[in-house]
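Given next, in structure tokens, is a single chain: the form predicted on its own.
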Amino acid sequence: MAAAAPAAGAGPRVWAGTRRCFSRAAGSGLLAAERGHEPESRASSFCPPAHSCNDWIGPPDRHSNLRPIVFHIPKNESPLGRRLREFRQETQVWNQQFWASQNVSFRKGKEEFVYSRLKAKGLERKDETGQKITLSAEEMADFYKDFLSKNFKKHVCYNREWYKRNFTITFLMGQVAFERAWRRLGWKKTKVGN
């Protein structure tokens, strides 16, 4: 699904590279960037069109490999809805930071491992033709096993926190859905009674 063309004169910034976005959560109102807030992910300066009334999911962040989300802010957002949106934004930032850090650590460790193994074999990083020399899958398996062992506790803590956050988000989503249904039922009763 291609992203919608920006409104004339609106001048929104668009992610470089891909123009694909996927939306969800119908409603109407303003986006965080339109209310003077910057998107939570510092990975991009993306700003959806002013007329958008959905969450926008962008291309993968180059550090974390996660797709950042620009959350839609409805005009009549309830305090509970705001709490849910802000918690989702906070969770997104936390998740982006964890995986960006983890991926930097992984790449650095992998590079050091490959260099040390090549040095032990008396090889340079590149061959005579300029091609990068790689290690076999069996040799790299040693690195992957070691990396996972060293980061086991870190991953356990991440998973525990991830499940807590997802449970909280799911619980808040249920409360918001109940609140919306209650408001609709209350509005219908008033309308029927008149």
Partner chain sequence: MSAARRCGPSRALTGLFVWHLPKPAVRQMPCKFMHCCGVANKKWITFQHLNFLKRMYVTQYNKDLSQQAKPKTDPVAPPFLEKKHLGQEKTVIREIRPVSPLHPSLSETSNRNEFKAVNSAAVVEDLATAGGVESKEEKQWKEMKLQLDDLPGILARLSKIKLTALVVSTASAGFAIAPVPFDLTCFLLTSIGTGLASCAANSINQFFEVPFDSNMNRTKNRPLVRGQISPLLAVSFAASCAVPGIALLTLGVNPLTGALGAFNIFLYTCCYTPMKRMSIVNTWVGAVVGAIPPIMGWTAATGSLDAGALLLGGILYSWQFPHFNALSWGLREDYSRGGYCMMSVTHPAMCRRVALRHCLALIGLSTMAPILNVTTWNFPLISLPINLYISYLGFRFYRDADRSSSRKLFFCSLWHLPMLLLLMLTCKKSLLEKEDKSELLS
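Remember, predicted model here, so these are calculated numbers, not experimental data. Positions refer to the first chain, counted from 1.
The form predicted in complex with the partner chain exists for this protein as well; it is not shown, and the discussion that follows is about that form.
- The partner chain is not drawn, but in the predicted complex it has a heavy atom within 4.5 Å of W99.
- Within this chain, G186 is remote from the site of the partner chain in the predicted complex, having no heavy atom within 4.5 Å.
- Shown alone here, E128 lies farther than 4.5 Å from the partner chain in the predicted complex, counting heavy atoms only.
- By the criterion of a heavy atom within 4.5 Å, Y115 is excluded from the residues contacting the partner chain in the predicted complex.
- Residues of 150-176 that come within 4.5 Å of the partner chain in the predicted complex, judged by any heavy atom, are F152, H155, Y158, N159, W162, Y163, N166, F167, T170, M173, G174 in sequence order.
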